[in-house]
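As structure tokens, one chain now follows by itself in the form predicted on its own.
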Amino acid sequence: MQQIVELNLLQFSIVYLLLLIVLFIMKKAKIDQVKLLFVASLRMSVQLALAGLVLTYIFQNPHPLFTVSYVLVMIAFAIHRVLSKNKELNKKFKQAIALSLAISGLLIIMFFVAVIVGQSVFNPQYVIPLSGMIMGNAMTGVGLGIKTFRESTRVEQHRIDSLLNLGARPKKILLPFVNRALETALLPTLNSMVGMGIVALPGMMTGQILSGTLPMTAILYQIAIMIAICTVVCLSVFGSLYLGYKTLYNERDQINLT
């Protein structure tokens, strides 16, 4: 297998020209998100460049403290991103989200690295990139699940009130919304798994192949990480919703959806 071709600064810079196509289409379609396009591109570039510098240092100076700190920052950022979009939720619901993301993420990361890969849970070469994929998908899944739950209960507020007045228990009323939100959160991951290998070659597998890894080795890693991602999304969304929805009603069967 050939070694990966390193990009020089000029080759790398040319890729930004592709954004002109996006800009042209946005202008043509009168999509007023030009500022967001530039901000998103700039932030992505700066954040990834800084992450590259930090990771280079950590890989050259491996220490358990650095690895643990980096993973904890990832988890904290994932929790912050979800909670920042759901500021109206009560404190206990937010705690359920934070605990579900942190515990499910850490469990799957440690299981994957120690049992599947067979490496130390302090090995930055494996722990950090795998943690990024696992926590990133968990964050997206929980965000989508909470958004779906809140929007559907808001739309059905009158129906919920009517059922309460008829004597229905809050658990029986809210549980269908929880189940629907969990299904919605899982669907993107399940759909990506269905088309993987035929419609798309996923990022982890492509990166490994580009770096010279044998295709079958890359495929085994990709299958394993997708199953881990599916599991962490399911666990984190399930925990967030099933623990969280119980904080929305009291012992007098009164429901408060905030």
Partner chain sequence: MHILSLRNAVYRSVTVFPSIDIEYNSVTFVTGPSGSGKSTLLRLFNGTLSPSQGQVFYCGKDIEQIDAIALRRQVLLAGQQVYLFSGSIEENFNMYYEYLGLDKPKPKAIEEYLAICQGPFASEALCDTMSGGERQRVYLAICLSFMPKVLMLDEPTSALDEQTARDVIKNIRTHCKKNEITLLVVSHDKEIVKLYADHVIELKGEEHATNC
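Numbering follows the first chain given and starts at 1. For clarity, every value in this text was computed on a predicted model and none was experimentally measured.
Although it is not shown, the form predicted together with its partner chain is what the next lines describe.
At least one heavy atom of residue 158 is located within 4.5 Å of its partner chain in the predicted bound form. Contact between residue 129 and its partner chain in the predicted bound form is not found at the 4.5 Å heavy atom cutoff. Though the partner is left out of this view, residue 170 does reach within 4.5 Å of its partner chain in the predicted bound form, counting heavy atoms only. Using a 4.5 angstroms limit between non-hydrogen atoms, residue 162 touches its partner chain in the predicted bound form. Judged by heavy atoms within 4.5 Å of its partner chain in the predicted bound form, the contact stretch among the candidates 162 to 170, 88 to 96, 132 to 140, 111 to 119 is 162 to 170.
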